[in-house]
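Here's a solo chain for you in structure tokens, the form predicted alone.
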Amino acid sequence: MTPAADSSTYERFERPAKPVTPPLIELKKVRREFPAGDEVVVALKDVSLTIEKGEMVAIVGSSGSGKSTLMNILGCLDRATRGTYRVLGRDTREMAPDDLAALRREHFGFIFQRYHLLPDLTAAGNVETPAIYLGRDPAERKAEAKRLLERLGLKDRAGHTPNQLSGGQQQRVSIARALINGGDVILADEPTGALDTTTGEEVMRILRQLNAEGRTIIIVTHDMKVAEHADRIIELSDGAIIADRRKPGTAEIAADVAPKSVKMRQGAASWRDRFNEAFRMAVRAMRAHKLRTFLTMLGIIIGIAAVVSVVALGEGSRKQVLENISALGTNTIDVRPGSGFGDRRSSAIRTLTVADAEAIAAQSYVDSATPTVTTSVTLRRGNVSASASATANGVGDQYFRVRGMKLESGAFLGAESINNISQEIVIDPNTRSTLFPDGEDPLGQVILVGQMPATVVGVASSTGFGSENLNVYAPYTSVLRRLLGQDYLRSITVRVADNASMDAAQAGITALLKTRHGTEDFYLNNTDEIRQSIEQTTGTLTLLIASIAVISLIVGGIGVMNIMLVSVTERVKEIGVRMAVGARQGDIMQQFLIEAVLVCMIGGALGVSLALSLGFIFPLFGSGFVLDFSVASIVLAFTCSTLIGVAFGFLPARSASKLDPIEALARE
């Protein structure tokens, strides 16, 4: 038979163990110190405290007793200097800022003495804010906010902003905001401090009702009448607990009913909701400070407009020059005396002759060749004289073919005119309009070219190059003998045959002239080389000026950063409120980064519009500038403005996200 002692032992092992549930809130020797100059102020002195679910607790004490500091630590707005604070068994010392934000978002609801409502949001918008950071479905959170406001008697005030509400109404909005996420702990800091007696009683009635529904209520107050509404009163003095008493007849745990759980959206849906909220807040902030926003954009607008316009101007100029070169023919070679362009000794070299031109023209790879000489002259017809000097071009009969020029009227110079040293000329449209302003027919008219009278036999179309200058074309024999009194040429222009290689033609001409001259006292230019040189030069100039414009963009970006830093300083309290209701550091950073990017993107769009407007305005004033806009340059400029927003908005956004919640809330 089993002994009785063995029976009791058996019963002890068979009895199921009661599960141990950690306290809702547990503080052990919590100490909070603040630096004050060379001294250290101790706000809490080794406070140990346990609060269970469902309790209604009042923390009382005079000003400076440490009660607000204790509430801030309880609500994870502040951290203890030393000691342990656990929420549902989790040690808050081991939590990152976003983990603490999750606790505030999911477990705590704050009711502040000064309400701390966001001024740009409606009552419903303020109530919804914690639910956005929690990730609740938009339709669900709107319905819940409406239900809570209706329950608190604010159904008709849901669309009003805080400045349109009374103090009591604002406090009830604050209560609704604390309840939206179904948090199991409500922290109320002097909830009746800014209210009249009647409204204060109404707020306390609401808090008692919430406690009856199972929520843990922690009230911080200096008013013992308010504290009497609680079932447990904890009294502080000089940072230490001096009393912790319960009302007679109240249980240690007033209720053990879990608050209603809420469904949270996860992943992309939650991120999208938070992004939309950050975007809306950025737009509201920009609209609230329109002038400041515009002045911030101004640097970006000027910079983007300058970049786009300069690139367009460079491209337009390049195309215009290349078109002019093409008008001269794409397969022409100019032979000139000297070692190269800019050779100062070239004027003393007189070995290039008509015989050289004839020898070149006889080559199989040459389509045509013409001697060329030029000199500046004055033009006169009767009592009409040109105000500007003109260029008299001495040319051969093949010149017009070599240059690809077209005839508007009359005839070109022929071989007979060249051989007879005739005093005949072909004029360009500018000369015609200058000397024949009344529209007379110039053909057959006599013009005094310098000291040589000459008869107009034709009008040629403009070559494109120097199209605003006055040009006349006379037989080179006439110019050499009658105007210059010389027998050597300044250049020979050659048109290479279509079936011949440009490189082979250059090599052939070089070899021919070296044989004839016995030395290389000449150089060759072809239109392809001119084209490449001009493209390289215009590209370099465009890059240089665009670089200067980019500097203005960077200056504009620095302006954006400075203004955003000012904006962060002005909106510190808003940041603190958002952190208190559960915003992550990433949510705060995202909001200010979006604002910076929006400023730069809108500034970029306005800058592009300004540049396009300049493109339309220039031609209206008869400007010689040609702006050729490309989609690539516009997209690149717009992308640059966006990147500037990201680059220069990052520091202010990061600064905002790193703010301490309690310091932000305390800032005026």
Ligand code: ADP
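Model, not experiment: these values are computed from the prediction. For every residue, the number given is its place in the sequence shown, counted from 1.
The next section is about a form of this same protein that is not shown, the form predicted in complex with adenosine-5'-diphosphate (ADP).
J.: Please tell me whether any heavy atom belonging to S633 falls inside 4.5 Å of a heavy atom of adenosine-5'-diphosphate (ADP), as the geometry stands in the model of the complex.
T.: Residue-level check for S633: no, no contact with adenosine-5'-diphosphate (ADP).
J.: My question is simply whether L643 lines the interface with adenosine-5'-diphosphate (ADP) in the model of the complex - judged by any non-hydrogen atom within 4.5 Å.
T.: L643 lies outside the contact set for adenosine-5'-diphosphate (ADP).
J.: Taking heavy atoms and a 4.5 Å cut-off, does L27 contact adenosine-5'-diphosphate (ADP) in the model of the complex?
T.: No, L27 is distant from the partner.
J.: Though only this chain appears here, would A43 touch adenosine-5'-diphosphate (ADP) in the model of the complex if you measure heavy atom gaps against 4.5 Å?
T.: Yes, contact at 4.5 Å.
J.: Quick check for you: of 417 to 425, 307 to 315, 200 to 208, 67 to 75, which stretch puts a non-hydrogen atom within 4.5 Å of adenosine-5'-diphosphate (ADP) in the model of the complex?
T.: Comparing against adenosine-5'-diphosphate (ADP) in the model of the complex, the contact stretch is 67 to 75.
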